[in-house]
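Shown here is one chain on its own, the form predicted alone, set out as structure tokens.
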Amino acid sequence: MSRQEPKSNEQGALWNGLGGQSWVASQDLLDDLFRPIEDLLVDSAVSVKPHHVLDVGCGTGSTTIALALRLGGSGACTGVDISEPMISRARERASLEDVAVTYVRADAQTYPFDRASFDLLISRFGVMFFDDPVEALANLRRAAAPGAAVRFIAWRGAAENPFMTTAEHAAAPLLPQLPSRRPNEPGQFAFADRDRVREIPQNGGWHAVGIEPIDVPCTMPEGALVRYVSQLGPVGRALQQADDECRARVIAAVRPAFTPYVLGGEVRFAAACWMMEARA
């Protein structure tokens, strides 16, 4: 596979800029936070004994590396992501782990993958950001071998994931420029609508589509909460461009809003997600 530059679009700009840089800076926190979700996906992937796996929207590479380690020498793993900062970090991590993983910096919606080259495609929170998810799933279908499976985990809606919007609601009076969440548009909750989620792979040429709601307990140390709020999501991106006084005011307003999620020195919440599967 040759390297191709990602499309110039809003998501590409975000993940090659502040969004990708913030994710890299918070990699350790996020890997620990979402480990239970990664474990679910990797366990599911290992069960089908794949030989060639594509990790879509692989980010900093945690899931790709975890699966490669579980498969040992029995399967080859490739990760694709639009973000140069995140792919660069993924390559560094694979080298440190001494695991053979291939990483491609590209937009998986349009990248010319070798046809029929993967017998399993997976994604942990990587499929909600496509400009045209049907086009993306059709492109991935062309990359899938006959009978290949695709297994994705994506967020359900904002109403079912109140933890994820707590900072935005609390900070809104102080940060009126925060972007709004737009239903069905690229972003964290783009796959909120179950019927739409089912139709996307079907319209992309996949069949035997299954979708199951899962609620996964996630935790982080209470001491990591301010770092989480300060670096990640719309509030984190805004704070990284704000002055010290503004940052202090926002953190003072936002931190108490998370009190319902703090217990025994831990922050706890349930990630309301979809587990999706389809066949080529």
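If you're wondering where the values come from, they're calculated on a predicted model, not measured in any experiment. A residue's number is simply how far along the shown sequence it sits, counting from 1.
Not pictured, yet referred to below: the form predicted together with a small molecule.
Participant: May I ask whether 170, 225 and 258 all come within 4.5 angstroms of the small molecule in the predicted complex, judged by heavy atoms?
Facilitator: Spot residues vs the small molecule: no contact at all.
Participant: Given that the small molecule is not shown alongside this chain, does residue 189 nevertheless sit within 4.5 Å of it in the predicted complex, heavy atom to heavy atom?
Facilitator: Result no; residue 189 lies far from the small molecule in the predicted complex.
Participant: Whether residue 149 contacts the small molecule in the predicted complex should be assessed with a 4.5 Å heavy atom distance threshold; does it?
Facilitator: Contact check for residue 149: no, nothing within 4.5 Å of the small molecule in the predicted complex.
Participant: Looking in the predicted complex, any heavy atom of residue 126 within 4.5 Å of the small molecule?
Facilitator: Yes - in the predicted complex, heavy atoms of residue 126 and the small molecule come within 4.5 Å of each other.
Participant: Find out whether any non-hydrogen atom of residue 121 is located within 4.5 angstroms of the small molecule in the predicted complex, and reply yes or no.
Facilitator: Close contact is absent here: in the predicted complex, residue 121 is far from the small molecule, nothing within 4.5 Å, heavy atoms only.
Participant: Just to be sure I understand the contacts: of 106, 71, 143, 200, which is the one whose heavy atoms reach within 4.5 angstroms of the small molecule in the predicted complex?
Facilitator: Comparing distances to the small molecule in the predicted complex, the residue within 4.5 Å is 106.
Participant: Based on heavy atom distances of 4.5 Å or less, which listed stretch (51-59, 209-217, 229-237, 243-251) is in contact with the small molecule in the predicted complex?
Facilitator: Of the options given, it is 51-59.
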